[in-house]
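This document contains two forms of one protein chain, each encoded as structure tokens and listed individually as structure 1 and structure 2.
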Structure 1
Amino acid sequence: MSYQRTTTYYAARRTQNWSRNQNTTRYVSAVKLGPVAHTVLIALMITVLGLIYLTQATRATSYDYEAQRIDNQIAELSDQKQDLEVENARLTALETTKNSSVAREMTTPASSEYVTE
């Protein structure tokens, strides 16, 4: 009895893709790892994970410095704004206005009256 592979058959098999009752094969590695190798690998994994954690933590900390820098900038600008507000209040204070050159040039009206519309 002989079998002939047809292209049609091959294509059908390829398209079935884990269809029902399909046989699967499990390959077992020929390389065997001993307890020492396992230990070393676990240690390496822990080290890598630790490094990843440290990298992330450091990155978060770098954001803290950035946030602190921005906070300081906000505080500085806020102080400047406050200084300007104080200066503005001083310049528009009654005493300052009264002693200004404009005020000194003013004269008292001889008479005034209300006009009804």
Structure 2
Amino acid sequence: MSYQRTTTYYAARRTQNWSRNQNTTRYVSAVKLGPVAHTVLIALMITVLGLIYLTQATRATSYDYEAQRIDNQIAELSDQKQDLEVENARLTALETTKNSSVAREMTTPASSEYVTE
């Protein structure tokens, strides 16, 4: 009698291409999603990413408005400063003229006449 093998054994490493120190357990999910569910999930992910992008863009825009407001305020204060410098120069010139030696030596005229043509 000859002995004949009826069952063939294959090493798991050969059929699965596993190497050392790898987990050889397979987990099979009990939940199966169809193509519609996958499409809905992808649409939700794209929507969430879009909302995140919009919040970041809005935040940058609000900084732009704040910077523009500060620039307008700086321009307005510069205009006020220039106006005050002109006013200061005018008032200083009048005071200097009134207190000058030439102005002190002036006298009021005795009479003033106007020439008519």
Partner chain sequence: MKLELVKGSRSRVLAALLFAIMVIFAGRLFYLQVIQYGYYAGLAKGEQQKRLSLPAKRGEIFALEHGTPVELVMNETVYTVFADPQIIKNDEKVIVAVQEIAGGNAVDDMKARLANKESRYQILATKLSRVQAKKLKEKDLSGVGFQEVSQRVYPEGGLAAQTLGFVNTDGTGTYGVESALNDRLKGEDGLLVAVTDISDVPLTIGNSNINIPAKDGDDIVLSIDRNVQAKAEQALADGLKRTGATNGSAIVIDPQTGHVMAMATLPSYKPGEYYNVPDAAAFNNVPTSSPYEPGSVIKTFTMATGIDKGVVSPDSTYVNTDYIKIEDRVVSNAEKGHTGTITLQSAMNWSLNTGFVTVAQRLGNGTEINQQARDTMYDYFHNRFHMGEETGIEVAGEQAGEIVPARSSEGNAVRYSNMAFGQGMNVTMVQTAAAFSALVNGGKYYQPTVIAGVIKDGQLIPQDIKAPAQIIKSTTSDQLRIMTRTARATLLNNGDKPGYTIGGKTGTAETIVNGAYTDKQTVGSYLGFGGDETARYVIMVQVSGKNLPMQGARHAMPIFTDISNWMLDYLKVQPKE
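When a residue number appears, read it as a position in the sequence of structure 1, where counting begins at 1. So that the term is clear: the rigid core is the largest set of C-alpha atoms that superpose within 1.5 Å between two forms. In this text the structure is predicted, and so the values were computed from the model without any measurement.
Between the two structures, is it 1 or 2 that corresponds to the form predicted together with the partner chain?
Number 1 is right.
Which one of Ala75, Thr39, Thr92, Ser62 sits right at the hinge when the rigid parts move between the two structures?
My reading of the hinge gives Thr92.
Which angle, in degrees, describes the smaller rigid part turning against the larger between the two structures?
Turning angle of the smaller piece versus the larger: 133 degrees.
I need the CA movement of Thr107 between the two structures once the rigid core is aligned, reported in Å.
On core superposition, this C-alpha lies 11.6 Å from its counterpart.
Given the rigid core as reference frame, how large is the C-alpha shift of Asn88 between the two structures? Answer in angstrom.
In the core superposition between the two structures, the C-alpha of Asn88 moves 2.6 Å.
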